[in-house]
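Let's start with one chain on its own, the form predicted alone, as structure tokens.
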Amino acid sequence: MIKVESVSGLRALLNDKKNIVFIPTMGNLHEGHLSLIDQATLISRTVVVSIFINPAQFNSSQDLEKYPRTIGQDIALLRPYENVIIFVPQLNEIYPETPNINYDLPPIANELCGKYRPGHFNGVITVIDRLFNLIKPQAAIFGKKDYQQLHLIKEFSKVSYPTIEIIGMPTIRDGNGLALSSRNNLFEKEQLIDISFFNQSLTNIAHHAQSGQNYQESILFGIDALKERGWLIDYIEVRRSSDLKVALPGDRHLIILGAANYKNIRLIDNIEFCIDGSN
């Protein structure tokens, strides 16, 4: 494991490296992140993991301030990875000038999470553009928990970085089905079972859709059940998994996506499924 904090230091380390695999993170690492790193080490002997809390993608300064910062713990988790380069830049290393956050993103960027977090995905693409340009990886790995984000990064990369392979990896969950997330650490331990009800609700809706039931009615029932438990719902929708367009009759490969707030903490989750149960 090598830790580097400057762009110049990173470039020196990568100067003669080929087949670089990159994993961007905002720190507060957990088993979900480690699963991405494990996959990266199977692909390449040169793996770069960035730890940078990107202010451009936060919609409020309060949310930015609350985001967990655990760099010591993160470094300890990564220490066993011999071939991993950890890039931990300061703000001025990533944004030496005011960043351009006005990307021409596809319309889906303004739907789902984009509807409730205006400008968020422009902020995400801003830092991805900067990091891809700095690191020039052959592949970049992301978790599927942020499915809309992954989709937009793929679309952006097709045009701006066509040589970079974008790899999506399955969401890692705890024993109650809760998707591992840095935001989970903002809850009290006894609340983790309560917030797993969000995934359970999405799972029930997906099962109803697979069995041929009217999933719109299932969505309304799921929203009501969540509200009764104190959740504030941004959205729960079924979309086509390939392009995130609204699902139409006859579409088989689908995904249910949801975003909701519990105790003023926002969580997202999704479940991919097939109407006929095939892969």
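Because the structure is predicted, anything quoted here is derived from the model rather than measured. When you see a residue number, it is the position in the sequence shown, counting from 1.
Quick note: we don't show the form predicted in complex with pantoate, though the next part is all about it.
Listed stretches are 39-47, 24-32, 222-230, 238-246; the contact stretch with pantoate in the predicted bound form is 24-32, by a heavy atom cutoff of 4.5 Å. Although pantoate is omitted here, in the predicted bound form all of Q57, V124 and Q149 have a heavy atom within 4.5 Å of it. Taking the partner from elsewhere, I128 is found to have a heavy atom lying within 4.5 Å of pantoate in the predicted bound form. Although the partner is absent here, F142 sits close enough that one of its heavy atoms falls within 4.5 Å of pantoate in the predicted bound form.
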